[in-house]
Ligand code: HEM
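First comes one chain, alone, set out as structure tokens in the form predicted on its own.
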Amino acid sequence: MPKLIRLTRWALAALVFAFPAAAPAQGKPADNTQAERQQTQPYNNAPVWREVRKEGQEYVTTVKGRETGVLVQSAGETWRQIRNGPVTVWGGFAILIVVAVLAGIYFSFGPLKTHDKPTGRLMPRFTQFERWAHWTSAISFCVLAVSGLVMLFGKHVLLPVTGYTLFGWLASLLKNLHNFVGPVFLLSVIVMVPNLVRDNLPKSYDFNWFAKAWAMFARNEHVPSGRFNGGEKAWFWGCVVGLTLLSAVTGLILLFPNFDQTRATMQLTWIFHAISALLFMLVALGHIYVGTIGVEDAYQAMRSGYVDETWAKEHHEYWYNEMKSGARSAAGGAVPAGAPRAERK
């Protein structure tokens, strides 16, 4: 039996030199070094693979296509270090910092409230079409965000708690959800954006809103704006349009590798995709905060499509004046009889 084992070891060692896929076109790499290594450390082919991974070294393979002659791509190690280093570490800290800041604002100042009592008279703010498009993009974005966070941070946060079996099942499920929900999010944004472009064009009074934005939450002050304030317009153009475009293009490149992209292209694309997605999530945390618990009754606007006149006047005074004067048509037409009524406080 020991003799059989020794013969097997020598046969496997001989295959290293005989197998054409591992041999360079110009000769066998590190012959002497590899032969010496097999005497002391059988099956350790490190000298061979050090030669194989040299940049620009082409070898012979039976598979035809781009980079098929490059058996080891050293740039993959650089990508791994970037992924597990700056992207994961800085991205994780950035998310924790933003969550801490928003929590500090809420517990220090509370939600932004109206000064006057609700009138009970409702104004149409969003059409049913706008709300459906918004909720489709919002829900699909949340699925993409959660699945992306699990893929990026899961092995550090979830794996020690769930174990390998449960984490493997969960990661596989979320990876497939991420791949299939991504196009849904892109389509919902494409449908939503044209309908909101006009009201998101920059106006001169938006600069005043930015100058006093902090005072809104710190001192409960109200700054007049149009249908959308300066912060909402920055969110629209910077994230809904800009980061969606960058995330979508890079995501589609990663989703369809069968178009013969090189490994370097996929690695660089992943870096841009991850950074754009993390930036998107950081700003989205602020958007979600303002639209839910940060501004009183803001959620009601997107849930029912209507807001009380007091809320409209104090948060979006210029839009309120246009609506009341008839300078523009209502976003949703007349308030129907069955619309939810604002309660007086």
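So that there is no doubt, residue numbering starts at 1 and follows the sequence shown. Please read all numbers here as calculations on a predicted model, not as lab measurements.
Keep in mind that the form predicted in complex with this ligand is missing from the display, and what follows is about it.
Residues with any non-hydrogen atom within 4.5 angstroms of this ligand in the predicted bound form fall in just one of 264-272, 100-108, 234-242, 154-162: 234-242.
At least one heavy atom of H134 is located within 4.5 Å of this ligand in the predicted bound form. Residue contact with this ligand in the predicted bound form: T88 places no heavy atom within 4.5 Å of it.
Although the partner is absent from this view, H316 contacts this ligand in the predicted bound form, with a non-hydrogen atom inside 4.5 angstroms.
A residue is said to contact a partner when one of its heavy atoms sits within 4.5 Å of a partner heavy atom; Y320 fails this definition for this ligand in the predicted bound form, lying far away.
Between the options M192, V184, V146, L254, the residue in contact with this ligand in the predicted bound form by a heavy atom within 4.5 angstroms is M192. Shown without its partner, the chain has F280 as the single residue in segment 250-280 with a non-hydrogen atom within 4.5 angstroms of this ligand in the predicted bound form.
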